[in-house]
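So here's one chain in two forms, each on its own in structure tokens, numbered structure 1 and structure 2.
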Structure 1
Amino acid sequence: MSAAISTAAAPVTTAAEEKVAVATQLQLTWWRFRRHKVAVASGVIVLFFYLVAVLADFLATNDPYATLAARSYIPPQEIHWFDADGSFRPHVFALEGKRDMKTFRLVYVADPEDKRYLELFVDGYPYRLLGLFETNLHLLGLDRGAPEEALFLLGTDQLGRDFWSRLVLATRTSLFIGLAGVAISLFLGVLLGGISGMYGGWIDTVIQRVIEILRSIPTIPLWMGLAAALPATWSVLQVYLAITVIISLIGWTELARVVRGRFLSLREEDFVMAAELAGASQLRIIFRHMVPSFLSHIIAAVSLALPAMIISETTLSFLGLGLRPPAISWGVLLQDAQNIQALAIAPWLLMAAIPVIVVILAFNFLGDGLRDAADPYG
């Protein structure tokens, strides 16, 4: 009788509770993150933009570097989705240049008699897919004639370059500069912050004073000074790498402070002392034992640092201190939007700001979701 009573009084554990009890920290973080719908949607948007960045040449319709003065400031082209018989056949009309006798400016008028149908997976200018395979396959093209003669989805710039093709190429440059910059900042932040919190003493003092000096310098003047020091004779690739390093040297300080604080609280834990007694080196303790214990916090910090890196590159290039033509980035494209006269003629050049805004918002919402999910027990 007593055995039956004790059995009935025993707490009942559900399968869901047992699953949570044995889950790892990353599993708990993922389950909580999935409930943050805005963050999940933002993550999808970020992945979409990086997919565009990887397949930029495949998505481009024209050679982004090809110039032709006769195509200057062609407005975005209208796509007609249905044919005259009502069938779904997307097409555009070829453009015919005419001189406006009032302004003497060349304007482009659609020619309804010259209809060009859109086709998928067509041949175009050659490029290296993923930097490995030589190909000339493009997602979108025309059934006849070269795309640079009749297809301008977002119009052209002053030099007659296709704006859509330049925008997708700029997406690759700006996003991968941010990714490379965060990777370097992550390494410096974890390494120096970990050493500072692990060793303490004069090492901690020196690293913290360096951080305070870097954080006390106004950001934009520092960027301007470092970017102005780049030789004008450097190639696009050299400038690209230099801008990445410059941005990284500024961005590691905040993460280093966070890592230092976590290490100060973790270095007296039992698992750290056990690793020291087992003969593990300090670097092994930092990267194999301590860092994984708050990896979710680092992921959240990185997702919030990425938009700052992208804004930094865009700002430098917009001010003419970062990447310079013929390089293509969001900041380089926005340089054309500084001229009021050019904007009056070609307002579509401002569309380069749209992906910047969308990506920055998506990264911030994604970072908020990861930060909320980083403490699954909260």
Structure 2
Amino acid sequence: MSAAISTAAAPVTTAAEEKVAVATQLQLTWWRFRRHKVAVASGVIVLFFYLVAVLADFLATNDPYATLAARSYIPPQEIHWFDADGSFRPHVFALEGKRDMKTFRLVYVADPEDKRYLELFVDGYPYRLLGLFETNLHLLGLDRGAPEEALFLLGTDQLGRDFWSRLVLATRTSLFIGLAGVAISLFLGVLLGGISGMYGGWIDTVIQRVIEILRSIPTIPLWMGLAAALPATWSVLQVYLAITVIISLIGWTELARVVRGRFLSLREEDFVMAAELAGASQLRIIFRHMVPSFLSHIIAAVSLALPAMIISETTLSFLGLGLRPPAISWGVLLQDAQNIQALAIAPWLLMAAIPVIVVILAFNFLGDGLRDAADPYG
């Protein structure tokens, strides 16, 4: 060694760097993701919506299926927070329906003298909490009153069904149909994308061409055709499953593309080569070594595929070709708001658009943040 040069100071690794060096791909992604404030907030919103979905019946204030002509098109009720003496006692005024003799429509007049107080944990219609426990406990309700005088936070529809209760139940349907659709897409996508990326050759070519063909066909007419062919005699559950399958027919292509891309680049990586040389089986290499290293990419792709699924279901149901009443989903609710006549009478029915937009927006921000975070070095 040259006399002029001595050993330099050994590189100092701090504890923090040490932590980064041994972190798994998923941990790295998580750390990066936490720095995206908007994405984290969106994640919280998404979780909140799923919580609503799980507790839908508990949050509903009225039986969402119960119709009553006497309470058709009640506008959203105004909540008064303070009593006359200034104490905090939220209440609504009792409504009295009167028929307008010119338009023959029911008009509701609030009676400020007749206060109905809001109460927590009241008894209502029976349901199964989480599908397990029979109960009739609900979060919110009025202290007294006949069915037509119940609490209508967001008003009622033409058949007098409580819109708030229908909205929370629709949230459950729409969010879970999205999850189910993504699960099917994910299965197809990982399977076909994985085969495509792992084996290459003619299999890859065929799968890639199939994806290209599927992506060049306008999806909505296709879905409409398939959905319209579902027999009218099918039960709500059968239609639900069939619609899920139909909307995931297209969704898998994007996931397959992501998986294939990761497989292609990982196949060349040294650690995969090392595992192969060490004699690990193909399956072990895939599930033990490759999948964990692109799990975060999959999570990101899934969170971007979910809103697309939700839009698909909403669109189909909106057209009357997806879920059919008595099933309740966002699309089914929006169908009621389809024509201008209905909107002119009951503009609050358009409120079903709000959760759709908020959830899709949140999923997009979340997915974007996750995608950025999934490439910690890129």
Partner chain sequence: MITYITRRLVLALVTCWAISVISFIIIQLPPGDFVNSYIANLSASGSMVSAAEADAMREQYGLNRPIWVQYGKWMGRVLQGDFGMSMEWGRPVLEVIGDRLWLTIVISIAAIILTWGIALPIGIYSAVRQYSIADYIFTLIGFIGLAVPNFLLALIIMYLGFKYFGANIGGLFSPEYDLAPWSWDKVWDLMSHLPLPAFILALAGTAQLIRIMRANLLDELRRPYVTTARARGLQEWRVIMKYPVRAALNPFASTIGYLLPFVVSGSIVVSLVLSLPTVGPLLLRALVAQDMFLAGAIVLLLGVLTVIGTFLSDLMLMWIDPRIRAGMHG
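Just so it is clear, the structure is predicted and the values come from calculations on it, not from any experiment. What we label the rigid core is the largest C-alpha set whose atoms superpose within 1.5 Å from one form to the other. Residues are numbered by position in structure 1's sequence, first residue being 1.
Only structure 1 is derived from the form predicted alone. Here F187 does not count as shifted, since its C-alpha moves by less than 2 Å between structures 1 and 2 after the core is aligned. In the core-superposed comparison between structures 1 and 2, the C-alpha atom of P75 has shifted by less than 2 angstroms. R161: CA moves less than 2 Å between structures 1 and 2 after rigid-core fitting.
If you overlay the core, the Cα of R288 moves by 3.4 Å between structures 1 and 2. Here the rigid core is superposed, and E268 then shows its C-alpha moved by 4.3 angstrom between structures 1 and 2.
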